[in-house]
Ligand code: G3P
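The chain below stands alone and is given as structure tokens, in the form predicted alone.
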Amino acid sequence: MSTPLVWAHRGASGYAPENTLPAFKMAADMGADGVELDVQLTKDDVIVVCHDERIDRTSNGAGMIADYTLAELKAFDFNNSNYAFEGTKIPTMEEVFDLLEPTGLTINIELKTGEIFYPDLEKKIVELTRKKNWQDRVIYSSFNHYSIMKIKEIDPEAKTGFLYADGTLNMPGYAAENQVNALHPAFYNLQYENFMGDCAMYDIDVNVWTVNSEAAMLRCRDLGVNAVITNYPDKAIALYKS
């Protein structure tokens, strides 16, 4: 029985503020195989790592990322009410690349282009990935599948995956038709009949979010998923080693 890869969801976000350098470093220190994160664009066109389009939930500021310059965003504290990490700043994608460069980890980069169609975000993230020589260690995903198709146009060799939640017909066939490498379903989608078998038939990897309970981790292993995306990478690693 194969063991899934363990990707830390927004870093080790069960312990450190999500999508921050401390969370990514903690994931690497725990022995994760990769991290999952979210990218958006600042007012001055810098790629930053943050899940929400607004900064209200994760920082002591308020408003839209797109309305702030990087310097303005760096003035806020992104400790996400975890005061052991007071003073944590929003990271740029380049800072994350630099932090994780020595680790060998994979990065699952989710493009947050659902609410805001950031102009040229796809082009900018591919260019940055090439600049940092991370092409072999990145997989791009998004709920906006148009963004993934743009990535494929810009870099036909890029690894890509379709994110989705539920209720979609024949996702394995859809993924194969559009020639992506992976599907990134919510965990409960694994219950659809023949889903894993169809993915295997089309040679589509399955990377599942967000897998936090022991039962879900074991279910993913039993079904043969490629990777689990979890807030608690240490727990998944310990369980799979046992």
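Owing to the predicted nature of the structure, the values given are computational and were not obtained by experimental measurement. A residue's number is simply how far along the shown sequence it sits, counting from 1.
Same protein, other form: the form predicted together with the ligand, not shown, and the subject of what follows.
Exactly one listed residue, out of Phe76, Phe143, Phe85, Trp134, brings a non-hydrogen atom to within 4.5 Å of the ligand in the model of the complex: Phe143.
Of the candidate stretches 31-39, 190-198, 169-177, 65-73, only 31-39 has residues whose heavy atoms lie within 4.5 Å of the ligand in the model of the complex.
In the model of the complex, the ligand stays beyond 4.5 Å of every heavy atom belonging to Met93. The closest heavy atom approach of Lys159 to the ligand in the model of the complex falls outside 4.5 Å.
Proximity of His51 to the ligand in the model of the complex: non-hydrogen atoms within 4.5 Å are present. None of the heavy atoms of Leu128 is located within 4.5 Å of the ligand in the model of the complex. Of all the residues from 200-239, those having a non-hydrogen atom no more than 4.5 Å from the ligand in the model of the complex are Trp209, Ile229.
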